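Coming up is one lone chain in structure tokens, specifically the form predicted on its own.
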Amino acid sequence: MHYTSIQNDKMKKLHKLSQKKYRDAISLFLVEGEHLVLEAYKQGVLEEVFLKEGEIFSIDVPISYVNEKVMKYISQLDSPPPILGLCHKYDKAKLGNRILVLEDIQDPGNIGTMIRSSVAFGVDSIVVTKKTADVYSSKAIRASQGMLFYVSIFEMEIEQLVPILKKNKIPIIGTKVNGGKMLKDIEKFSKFAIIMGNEGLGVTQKTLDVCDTYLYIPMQKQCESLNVGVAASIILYELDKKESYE
């Protein structure tokens, strides 16, 4: 197919995928750039590719061509790449035993960073609360470098999650700026649920009340706290550093 008008119904639907509400309603989202398109393809979630006129890209999914005006219209970036992919949200596996919980995280860049670190350090499931920014937003996807295709993602409130964790005897670990155990002293868990809180407010007291233990990252007194994405990466590395990556 070759699309040359932004008035085309299909192009209008692709344009609307910039809205979380619409992404949720139809369980589709966009990825932009060759790297993300290929990662989506490898994981079997890529449905169709849209190429700018004159571009060549060989892949075993339907390919359509668009002119520059249409590409700018459907892209969510200021400088659109020459390739864009339409993906479906994959069926989620069962909640795993190594879980990162994002409670009301607001910055998509932080979300993408934590997804990427989760895959690097052996997390198999990510749970996001309703107030957390959308993991399928363009910025979050790009920050994850396509790693969201390699981890199961669930949207669930803490009240729904806790009974499941308790039933499966998965320790719930809350994070604090200070208080609890120092990260270097915490035992290595074969299964866990690590809760990272909102950038400004941290983990809510209501959630801290249901945790089994708490940890913090000791640091120089001049620095009161770390970026939540950085903190999550340090924690996941520390819990996983004895594992083999072969």
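Bear in mind that the values here come from a model prediction, so they are computed numbers and not experimental data. So that there is no doubt, residue numbering starts at 1 and follows the sequence shown.
If you look for the form predicted in complex with another copy of the chain, you will not find it shown, but the lines that follow are about it.
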query	finding
Interface stretch in the model of the complex with another copy of the chain - options 47-55, 23-31, 64-72, 212-220, non-hydrogen atom within 4.5 Å	212-220
4.5 angstroms heavy atom contact with another copy of the chain in the model of the complex for residue 183	yes
Close approach of residue 121 to another copy of the chain in the model of the complex, 4.5 Å, heavy atom	yes
is_contact(residue 142, another copy of the chain) in the model of the complex, heavy atom dist at most 4.5 Å	no
Distance check, residue 147 to another copy of the chain in the model of the complex, heavy atom within 4.5 Å	yes
Partner contacts in the model of the complex for 215-234 (non-hydrogen atom within 4.5 angstroms of another copy of the chain)	217, 218, 219, 220, 222, 223, 225, 226, 227, 229, 230, 233, 234
